[in-house]
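First come two forms of one protein chain, each written alone as structure tokens, so that there is a structure 1 and a structure 2.
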Structure 1
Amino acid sequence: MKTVSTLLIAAVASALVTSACGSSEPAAPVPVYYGEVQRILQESCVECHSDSPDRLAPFSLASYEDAVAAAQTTPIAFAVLHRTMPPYYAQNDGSCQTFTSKWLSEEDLQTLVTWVNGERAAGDPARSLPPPTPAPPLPAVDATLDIGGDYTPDPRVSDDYRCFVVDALGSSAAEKFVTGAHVSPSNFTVAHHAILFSLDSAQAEADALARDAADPALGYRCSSSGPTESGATFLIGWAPGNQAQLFPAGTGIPVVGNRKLVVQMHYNLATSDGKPDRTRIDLDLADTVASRGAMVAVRGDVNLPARTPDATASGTRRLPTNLGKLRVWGAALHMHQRGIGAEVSVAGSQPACLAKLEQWSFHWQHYYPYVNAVPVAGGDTFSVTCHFDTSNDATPVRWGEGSADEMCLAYLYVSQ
């Protein structure tokens, strides 16, 4: 991949050669909006930079007039050259896997930068592309889980971990398989993360129900470790910036059909608007799959020195030797406000880099699915290293549940 410096050096060199010697070759065509820049924006930007009142971004890029106005008032060229926009931080040049993403190609990146920094020509409106038709988040919605009402986070705490028991996915004990999920908090000013847990046993279900019954408010207070010490399994998660998650065809995570589930919400009140939240989770389900999947978590040991621009936390997790051949389909990372980057890798049968995040934003936490699954095997060891900037901290930073603390977690979707 060409770096920002390479692009700038090439531009300067081209200008010097043209100035000193003239140019006998025709000038490159000037990019125009309609049909050209418009396509790039539609493919990579307007999902968030739209006219919708629910858009995630603060301005629209949905029309020519919108794009010109944004080019005049916001640093679009800087953002795309430094790849802070689109906000997809996994290195995607093939050196550490290739991801299905909104990663701008070098050609599209240069076209967009040239247009933004140039005359911002409109071109022929007759070449205008129709607005993109929003795709449904999931191919099918087979179940919708609801936390059961409006919950207002406890104003006496800065971080409120709350668990909500939700309905089972069926009436029989036969397994169901989660093949996709779309998590929808209703109040993004307080929703820090959401995790859907399955309960590992009838005892775990009884324990969660007893905790729920003992707490007079909606749901019950829980901790970052999960809804019950009796056993719960991470199914799917959501953090700011996440979109719907679809597992690869033929794979899914098993759930006991008639056992209740638990939604754990982490509410942070630092920017709360004082209003309640009612999170819902849509699920795409299958009765059978060819390959059973699971989310495998790898935790880094967070014990960071203060006043350090690149403090690191690392950890490993070894797969049981009896698991045989497996496949990794994608990775997600989780840190808080100090994160600046991370790497995930596997050592053993076929060592590989699994993801390398060169930047980080708490507000844009993604799951990064691979174009091709990565083979692993029982006995292999996953490793994660998270990078943090503690320059503004006067005391060491340690693992903690609060948004002012830190975490280092990698989640890998693994199947048979």
Structure 2
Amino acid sequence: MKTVSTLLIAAVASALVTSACGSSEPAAPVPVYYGEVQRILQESCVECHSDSPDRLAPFSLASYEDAVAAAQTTPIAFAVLHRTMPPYYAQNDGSCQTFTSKWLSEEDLQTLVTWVNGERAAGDPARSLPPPTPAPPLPAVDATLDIGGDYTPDPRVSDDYRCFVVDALGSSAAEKFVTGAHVSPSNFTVAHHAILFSLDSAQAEADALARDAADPALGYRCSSSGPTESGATFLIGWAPGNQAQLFPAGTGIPVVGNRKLVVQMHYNLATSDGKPDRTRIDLDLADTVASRGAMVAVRGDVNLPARTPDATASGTRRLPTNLGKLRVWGAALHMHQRGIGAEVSVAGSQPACLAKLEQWSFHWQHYYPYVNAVPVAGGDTFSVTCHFDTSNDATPVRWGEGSADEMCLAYLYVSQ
């Protein structure tokens, strides 16, 4: 989209300038691998592109030899200039908040592209950096939720949404606060995303248990909009590439201690190895927190005209006026396959852009945490706008869970 074309034009223009008047200007130092390109790859790529057998990405960028081989055989410059890699799509140039995701700075991007497109010099191995330390696990694991057995996603459908009722976190009704989570599917060829829900009432718990009992296989079939019609609250979301997730210090989402929870898995069968999955979720819990948190969902009204390259869906949600001062800590967006971008913002006491995605991939549905929380207040209104390409649709597209339908949702983590 806009950023991509600007970058490509800039890249082409700078190549022309360099070749036309390269001799009259002092040559820019040519980047080398050790200590320089190595740092960029370690900071932004190696978490997935490692040499570990359970790495997420199909090739390694962890050593000089790996990086040279990948530069020869994969479109690294293209992927980083388009910002499809690393796969963090929230605009992170400061124009709409600053996120902790590993978006490449303009400078690092140019260094990497120059190295990939040039001689790919090694430099001085003495400047080699130590291997990156793996992402920190949770500070404490107070409970492990388990979907209860091996579940083989239904090969007759392309997307299998499955809900699993899991144990309550405590034995009494006293509230527990979820302060962090680490989701571990066992089969990454099918696990597309996972959502942990709390159930809003005893009725919702009874409904979930009844649906589970009525379905002969492990868990029960459930729609992408949630585990029951009688009310469930989004606690934790996971998508491929997500590491352990910790809510900001002092905050956590309350759940009723002795009420069961539901793990909803979205299994996508496109690259399935046919084997089952057994997802587990480690939780860090607290008995009290300084600030109660919640995931606030903002839903866009999906009613898209056919054959439209930029069809939009939008919607708003007003915070109750009695809430006082609040903070937003991060945002996630959800659309299906036709999504091409989205924005979420807040109007009211201090209007602000909250997240802007200039491209979209169904496969990378990240939660983007802010470097600094954004102040909002009761009575403020959140707005979401999603952009879709319906060029290949002969009929209008409406809200729904199937791949023929679409969704437009923003999730904001808000606390007192």
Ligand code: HEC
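Numbers given to residues start at 1 and step along the sequence of structure 1. By rigid core we mean the largest C-alpha set that fits within 1.5 Å across both forms. Quick caveat, the model's predicted, so the values are computed rather than measured.
Structure 1 or structure 2: which matches the form predicted alone?
That would be structure 1, which is the form predicted alone.
After fitting the rigid core, is the C-alpha of Gly339 off by 2 Å or more between structures 1 and 2?
Not so; Gly339 is displaced by less than 2 Å.
Core-aligned C-alpha movement of Pro185 between structures 1 and 2 reaching 2 Å:
Pro185: C-alpha displaced by 2 Å or more between structures 1 and 2.
Is Gly293 one of the residues whose C-alpha moves 2 Å or more between structures 1 and 2 after the core fit?
No, because once the rigid core is superposed, the C-alpha of Gly293 moves less than 2 Å between structures 1 and 2.
Once both forms share the same rigid core frame, by what distance in Å has the CA of Asp159 shifted between structures 1 and 2?
The shift comes out to 4.1 Å.
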